[in-house]
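This document starts with one chain, in the form predicted alone, laid out as structure tokens.
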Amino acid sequence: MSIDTINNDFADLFEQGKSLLDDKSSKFMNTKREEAFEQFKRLGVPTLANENYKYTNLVPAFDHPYTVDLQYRTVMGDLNELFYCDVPELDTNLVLLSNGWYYNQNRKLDIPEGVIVCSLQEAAEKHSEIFDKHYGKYAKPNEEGIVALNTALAKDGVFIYVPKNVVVEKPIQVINLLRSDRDLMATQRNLVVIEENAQAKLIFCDHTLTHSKYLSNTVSEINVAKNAIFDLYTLQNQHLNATILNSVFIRQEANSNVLSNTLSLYGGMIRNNHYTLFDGEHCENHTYGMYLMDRNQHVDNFTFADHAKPNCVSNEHFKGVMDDEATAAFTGKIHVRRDAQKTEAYQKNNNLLLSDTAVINTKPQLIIDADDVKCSHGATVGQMDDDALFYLRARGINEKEARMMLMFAFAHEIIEKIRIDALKDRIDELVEKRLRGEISKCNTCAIACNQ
């Protein structure tokens, strides 16, 4: 199928399903939907001709007769019984989403008064003053075709609001479950608003519960206000028939502090877009990522740090371990605008190739329009350090174990940045087992369903 046919099919889907899309959505959200649809008609699904997607061909992923649910489809069985995370040390406020729809689990959350955690639909209806102020303000449907498509088709997701001066001690964990007996395209939209002087930690966990073919297109908009502190952790662990498109847009106001860590452990094709706008002075941002790929898996991380105001600091570090015929791409852009003096921006991408057939394309970039800045970027691609391997073997460690130790040490530099101890321990365990080849999915998550 040609890309024009794919784009036309989505245009037909939008036109024919418009009444279903508008149903139970706010007028404001539907206005954004119409605007985004016009942008999608102009942009379409990104192809290799798009510079930002030159290493990731999305056309085969979209060239499939997926089912698209424009209204909520009742979940068969209780998801609380079908899925649970059996790591008792990871004490979180648990929220479930099924195929992009908020799942009402009737579970009371341990959150302070004034904090809101609900479905996107409910937020648009009951919290419109907050919702309308932020929804659609940070994502870029006029630049990204998949973001425009998400905005046009999105019906639900999770909404999180933390009011001024409130500290949410217990992390909020959002479990995104893909479960269907049909090949499915899921569209999810999330909105997170952290007000002035507030603090919160959010964990996104992506899982597939059945072996159907999936295309998941998720967009998250996050606003972190003055003096606020926010952590975002994304754990991606799907099967080989899943294509995950994950776009995150973060806006930081003055003196805010954000840490983001994206951990891609398994999946057929993963594309992560991560945009950060420094929209106030003295912001601090730390963006990390780790990807472990083997077989014929593919992961592509695209980041854009937009330093629009002076005196901000950003530190970005992504690491990858590639084996077999796996492929990966990293494109990191740092733009320091003319008035953003005294900016400090650092970016690194390090990759370890375990086979002669693994491939990584890495492209760090700096665009500096100011003259009083400290900026650096760099990338490395290499194989196992023979000297380090010899050192371990000389101390009686067999070659297989020595290799595993070096790989784990390489990856652990990203894991140690996690500021939730129980989550850090869990990822350490998963990564070690993954590197040993003992597991191909999250073994600490119990899935009581037929696969």
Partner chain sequence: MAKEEQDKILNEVTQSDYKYGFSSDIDTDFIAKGLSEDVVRLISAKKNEPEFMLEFRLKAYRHWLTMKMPEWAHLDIPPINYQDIIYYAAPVQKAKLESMDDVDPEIRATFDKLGIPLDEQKLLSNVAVDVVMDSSSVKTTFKEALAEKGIIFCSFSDAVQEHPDLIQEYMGTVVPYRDNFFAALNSAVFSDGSFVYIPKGVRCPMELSTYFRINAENTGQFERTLIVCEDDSYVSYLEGCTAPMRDENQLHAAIVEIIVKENAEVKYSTVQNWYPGNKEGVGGIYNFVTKRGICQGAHAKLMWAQVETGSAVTWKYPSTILLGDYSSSEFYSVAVTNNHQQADTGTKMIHIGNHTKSTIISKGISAGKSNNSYRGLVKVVKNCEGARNFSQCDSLLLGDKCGAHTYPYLEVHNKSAKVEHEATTSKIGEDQIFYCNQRGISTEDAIGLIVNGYAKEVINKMPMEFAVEAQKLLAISLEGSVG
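Positions refer to the first chain, counted from 1. Worth saying up front: this structure is predicted, and the values here are computed from it rather than measured.
Separately, the form predicted in complex with the partner chain exists; it is not shown, and the next lines address it.
Participant: Could you work out which of Arg295, Lys137, Lys170, Lys374 is the residue within 4.5 angstroms of the partner chain in the predicted complex, going by heavy atoms?
Facilitator: Spelling it out, the residue with a heavy atom inside the cut-off is Lys374.
Participant: So the partner chain isn't shown here. In the predicted complex, which residue out of Lys41, His412, Arg419, Lys54 has a non-hydrogen atom within 4.5 Å of it?
Facilitator: Of the candidates Lys41, His412, Arg419, Lys54, Lys54 is the one lying within 4.5 Å of the partner chain in the predicted complex.
Participant: Although the partner isn't part of this model, could you tell me whether Glu113 comes within 4.5 Å of the partner chain in the predicted complex, counting any heavy atom of the residue?
Facilitator: It does not: once the partner chain is placed as it appears in the predicted complex, Glu113 has no heavy atom within 4.5 Å of it.
Participant: Just checking whether Thr357 would be counted as a contact of the partner chain in the predicted complex - the rule being heavy atoms within 4.5 angstroms.
Facilitator: Flag for Thr357 set to yes.
Participant: Is the gap between Pro364 and the partner chain in the predicted complex 4.5 Å or less for some heavy atom pair?
Facilitator: Answer yes; at least one heavy atom of Pro364 falls within 4.5 Å of the partner chain in the predicted complex.
Participant: Would Gly382 count as touching the partner chain in the predicted complex under a 4.5 Å heavy atom rule?
Facilitator: Answer yes; at least one heavy atom of Gly382 falls within 4.5 Å of the partner chain in the predicted complex.
Participant: Have a look at 374 to 382, 192 to 200, 308 to 316, 273 to 281 and name the one stretch with heavy atoms inside 4.5 Å of the partner chain in the predicted complex.
Facilitator: Flagged stretch: 374 to 382.
Participant: Do any residues of 331 to 346 have a non-hydrogen atom within 4.5 angstroms of the partner chain in the predicted complex? If so, which ones, in sequence order?
Facilitator: Heavy-atom contacts to the partner chain in the predicted complex: Arg338, Gln341.
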